[in-house]
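Consider the single chain below, provided in structure tokens and representing the form predicted alone.
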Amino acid sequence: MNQGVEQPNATQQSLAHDLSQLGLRSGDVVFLHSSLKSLGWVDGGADAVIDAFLAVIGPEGLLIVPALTWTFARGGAAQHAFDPKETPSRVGKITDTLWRRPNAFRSAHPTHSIAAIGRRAEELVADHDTTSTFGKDGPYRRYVDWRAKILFLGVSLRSNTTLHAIEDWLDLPYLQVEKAVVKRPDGKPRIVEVTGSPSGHRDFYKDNSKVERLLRASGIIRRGKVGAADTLWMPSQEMVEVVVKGIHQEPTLLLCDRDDCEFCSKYRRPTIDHVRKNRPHI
């Protein structure tokens, strides 16, 4: 054995073992939020992580990642028109590696695209361009309908994008209409309208938020270790049910309670009125 040679913290095989111990199974649909560096040194890097997931969920499974770009038509962002075949994902190395694989499919939404590999991947990302960001007819609803496991690999619940989808499905009054920049077939930029955009502040952008405490108390979170990363996952449908019930009880669950927060202060009363009057369900 060579002396002084640093050994990797994890390999594809060890990560696959850890994922199985965590509760992933063949045929699972997994929506993955991730931090590569949280795993320590992985032999093979991001590709080894992706291959570990695919080995566990098998050919009948589906691995999904956010591939967000935030190519809004604001300031310098206008210089970077969105192209689903070129624009990098800005939410981590694993996500940016996955969408570039030849067997991956990526949606065409200019700010909140997602990418997937596996069974029904092409079906998942279909028709997600300038339609509502999280609409009920789009991929964010499909993976919930398909009973995805939402997994947080070395990241906290602050990155739980599905909460924005719940806001959309309940028609909460603070989602915005924004402008984004996309690349036309001739290569020139074009401004498009993006509806249901999650601009503004939220309470769950911090650790130990109101909704995080609610989810912890619900008992649906499964925890474990993958490589060096603290990891947790939740069944998506159960998570949605817990959060919707929580919003019925506390309409401003996802907004913060700070008086100095202009955005949340503005939308607290309209949100309370909307929820109490309509009792919205998904």
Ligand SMILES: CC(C)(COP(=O)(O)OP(=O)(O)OC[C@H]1O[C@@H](n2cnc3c(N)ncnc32)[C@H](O)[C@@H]1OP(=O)(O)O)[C@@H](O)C(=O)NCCC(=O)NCCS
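Owing to the predicted nature of the structure, the values given are computational and were not obtained by experimental measurement. Position 1 is the first residue in the sequence shown; the rest follow in order.
Note that the form predicted in complex with the ligand isn't included here; everything after this is about it.
Colleague: Is there any non-hydrogen atom of V29 lying within 4.5 Å of the ligand in the predicted bound form?
Modeller: No - in the predicted bound form, heavy atoms of V29 and the ligand never come within 4.5 Å of each other.
Colleague: Can you tell me whether S34 touches the ligand? I mean in the predicted bound form, with a 4.5 angstroms heavy atom cut-off.
Modeller: Yes, S34 sits close enough to the ligand in the predicted bound form that at least one of its heavy atoms falls within 4.5 Å.
Colleague: With the partner left out of view, is G45 within 4.5 angstroms of the ligand in the predicted bound form by any non-hydrogen atom?
Modeller: Close contact exists here: in the predicted bound form, G45 approaches the ligand to within 4.5 Å, heavy atoms only.
Colleague: Within 4.5 Å, heavy atoms only: does G92 come near the ligand in the predicted bound form?
Modeller: Judged by the heavy-atom cut-off of 4.5 Å, G92 is in contact with the ligand in the predicted bound form.
Colleague: Heavy atoms within 4.5 Å of the ligand in the predicted bound form: which stretch among 184-192, 208-216, 154-162, 102-110?
Modeller: Heavy-atom contact with the partner occurs in 154-162.
Colleague: Select from the listed residues L253, L68, M234, L62 the one whose heavy atoms reach within 4.5 Å of the ligand in the predicted bound form.
Modeller: Only one option qualifies, and that one is L68.
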